[in-house]
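Look below for two forms of one protein chain, each set out as C-alpha cells: first structure 1, then structure 2.
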Structure 1
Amino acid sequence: MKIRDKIAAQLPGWRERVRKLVKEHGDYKVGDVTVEQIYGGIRGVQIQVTDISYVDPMQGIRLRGYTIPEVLKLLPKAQGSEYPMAGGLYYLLMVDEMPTLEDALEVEGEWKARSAIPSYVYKLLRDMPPDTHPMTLFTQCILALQNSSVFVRQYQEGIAKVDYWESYLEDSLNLTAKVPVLAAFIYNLKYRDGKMDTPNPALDWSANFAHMIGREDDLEYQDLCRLFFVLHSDHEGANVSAHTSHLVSSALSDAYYACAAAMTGLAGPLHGLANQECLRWLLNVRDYFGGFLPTPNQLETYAHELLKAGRVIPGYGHAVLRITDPRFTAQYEFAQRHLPEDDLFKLVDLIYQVLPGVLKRYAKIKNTFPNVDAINGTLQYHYGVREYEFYTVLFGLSRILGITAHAVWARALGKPIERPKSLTTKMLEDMVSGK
C-alpha cells in the first residue's frame, strides 16, 4: 500500500533528526514549569512533539503545515462535490504529502475493504440499556474490536520494535474503516428504531455515513459531513483526547485501547461535549426571546446579564487561538451558502456580530471570538440530526483520523513510555521557601 511505502521511505530521515536532537541538544531547556502551571493543568507547557498538526494562534489549526482554507482547497474532492474526501485527508496526515485523486481513492478503497463489523459488536450495542449515552456505546464498540488487533498478535510473535508502526498502521486502517458504520449503527439504534441502511460502495467515507443514517438523497448533508469530518480530524497532540491516546499507546497498548481512551476524554463537557452544550445554549437563547430573533441591543443586554452573573457563554474563546476559529469560518460560509434563512443560523450570525464586542469589556477574557463549537450543532440541527447528545460521536468519528495518525508516527519514531514526575505539596512548599 502506498501509505505504508511512503512512511517507510521517510523513516530513516526522521529517526536521524530525532536522534540528533536528543544527542546534541538533549540538555537544551525548552521552558520552565511554574507552580501555577502545575496546579493549572500544565496549560500551555510544551510537552509533546508532533508534526501532524499545530494550532497557530493567529492562523488556526495547520494540518501538516496547511491551513484550513488550504486543506479545503487542495485536497481531492468527491465526485460532484466541492468538499474533500476523508481518504485524501488521511493520506495527508499519514504521509505528509498532498495526495492526488488516485491516492485519496486508494485510501477510500482500503476503508471499504476493511469496513465489515463482527456480529457480536452489534449484539453488544443492542444489549445495552436504551438510555445509554451514545459516547458510551461508541467507546464500547471500539474496545469490542480490540481482539482483532494486528499489533497485539504480532507483538506476541516477537515483532521487532522498529516495525511496530506497520501493525499500528494496519490496526488504524481497520479501525478508521469501521467507525462510520459503528457511529451510524448507534444513531439508528437510538433514534431510528434500529433501521440501518447498508453502506453504498459508490460513496466516499464521509458521504456514506450520511447515507447510512437515512440521508442517501440529501447531497447537502453529505457535503456537510465531508466538511465536518475534515475540520474535526485533528487539533495538535496535547489536547485531552490526543494526549490521552498518546499516553495510553506509549505503553504499547494498541490503537483500539488508545482510541477508546481518547473517546472517554472527548466525552467531557470541557472537551468534545462542548458542541452539545453550545447548541443547548443557543436553543435556550431562542426560547428566552420567545422563538423570535432578538435585536442587537436585546442580545447585548442579555449577554451582559449572563457575564455579570458569572455565567460562561459557550462557543466563544479558545485556549490557544486569538482569532475567529477558521473551522468556524468554514462552516459559517457553508451556512451562508446553503441555509441563510435558517432561524438558528440567523441567531448564530447575530451573536457573532454582537458578542465579541461585549466580551472585550471583560479584562479576563483573552479571546473574544467564536470557536468551532459555536456553529457545529446549528448545521446538524438544520439537516435533521437534532439529537445533540450524539454530536460528540460525530466529533469522535472524525478525531480518530488524527489520533491514529499520531499513534502510528509515535511508534515509527520509537517514542518511549510517557512517565512524568509528580511532587508532594510539601516538596513544593520547601522549593518556594528556598529549603
Structure 2
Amino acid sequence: MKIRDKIAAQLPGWRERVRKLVKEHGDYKVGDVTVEQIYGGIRGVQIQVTDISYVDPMQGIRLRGYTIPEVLKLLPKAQGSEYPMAGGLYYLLMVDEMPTLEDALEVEGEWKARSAIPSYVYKLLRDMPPDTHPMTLFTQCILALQNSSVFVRQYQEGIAKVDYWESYLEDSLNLTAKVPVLAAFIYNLKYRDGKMDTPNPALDWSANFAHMIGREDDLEYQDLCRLFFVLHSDHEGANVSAHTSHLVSSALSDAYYACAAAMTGLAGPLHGLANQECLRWLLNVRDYFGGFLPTPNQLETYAHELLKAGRVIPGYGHAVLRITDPRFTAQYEFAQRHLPEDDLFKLVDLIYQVLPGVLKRYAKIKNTFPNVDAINGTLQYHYGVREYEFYTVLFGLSRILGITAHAVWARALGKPIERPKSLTTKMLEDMVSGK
C-alpha cells in the first residue's frame, strides 16, 4: 500500500532527527520543560493540581493525606468484616474527612437507591460479539448511560458555572452506584451463561459485587473485593486514566464521557491491563517450569532472557514510585494470611525475592520493584475468578471512584479547558541551533 510504503521510507530519517535532538539537546529547555521531557512522555513534569491523592515516589499513594495502611485501618468496616466499605472511602475522597460509620453507610445507601440499570444497557451488552474484551463492554455500558446525565440536562437549561459541580456529583453518584452491577453483569454474561444474582440490599458495594458473581457465601472473597476496591481507587491526577478523564471533562464533557475515556486508557497493557498481562505471564512462567516452582537461579536466567529479548515484565516498574508499591504490600499481606500455600502466590513471592535484583542490572529501568498489578490477579485466581481478561474491569470499577472525585472537584474549582501546546520537529531543531 502506497501510504505504508511512503511512511516506511521516511521513518529512518525522522527517527534519526528525533534521536539526535534528544541525545544532543535533551537538556535544552523549551519554556520550563526540556527536550528530553517533551519526547519522554512529559515524565515528571508537574502539570496538575489535585488534593484528592498524591503519589510520593518513596512512600506511595496517600489518599487525602492518609497512607494505605492508615486508610485500611481508619475507614469504617463492613459489618462482620475487618475490611472497609467503599462508601466510606468515597466519602473520604470527596469530602476530605475520615468518615464515621454513619457517613459511610449514607453513601452505601445512596448507591443502593441509584443502582438500577436500564434494560437497554443489558441488551446492548448481550448483542455484542461474544469475543469482545470485557473492558470494551465496560466502557460501552458507561457510555450507554450517558443519556441520563444530569449535568447535560442542567447545562442545556442554563446552569451557572459555579453550580456545575453539583450535577457532576449527581452523575458521579449515579454512575458509581451502577458500576459493580455492570461489571457483575459482564462477568456473568461472559463466564456464567448470563446467570445474574440480583443485588443483596444487606451487603455493601464491594461485597455485593462478589455476591452478584455467585460468591454470596465466600466471605473471604468478599473481603478481598473490599480490599481490592479501596486499593485501586485512586493514584493521583496525572496517570493515563486520571489525566485522560481530567482532560476530557475539562471540555465539560460529563462524568460518563470522562469515565469512559479513562477506561480506554486503563485498558492499555502498560497501565491497568497489566493485571491481566501479569496473571497471563505468571501462568506462562509456571508452565515453562513444568508446573514446579523454579529455583532462584532458574528464575533469574529466565528473566534475563526475557529482558534481553526486549520483553516487558508486567507488574514491575513504575513511572513515579521508587519502592515496593504499598498496594502490592497490602495484597501480599492478605495472601500471606489467607493463601500462603497457593502455588501462584509462592511464585509471586519468589519473583518478588529475585526480580528486583535482576532489573537493577538494566540501568534504564528506573523502578525495580513490584507495582499493584504484580499480585492482584493472583488473589482473584485463587478465589476462582480465573478469567484474567476480566481483571482490568475490577480495576476500572474501583478507579471510577477516584476519577469522579477528581472531576467533581475540578468543576467545583472551575478548572478551565486544558490546552497545552505542540510544536514541530523543525521548530525544535531551529531553537536548539539558536535560529
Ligand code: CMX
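Structure 1's sequence is the ruler for residue numbers, which start at 1. This one's a predicted model, so the numbers in the text were calculated from it and none came from an experiment. Superpose the two forms; the largest set of C-alphas matching within 1.5 Å is the rigid core.
- In this pair, the copy labelled structure 2 belongs to the form predicted together with ligand CMX.
- After superposing the rigid core, the C-alpha of residue 419 moves by less than 2 Å between structure 1 and structure 2.
- With the core held fixed, the Cα of residue 357 is displaced between structure 1 and structure 2 by 2 Å or more.
- After superposing the rigid core, the Cα of residue 428 is displaced by less than 2 Å between structure 1 and structure 2.
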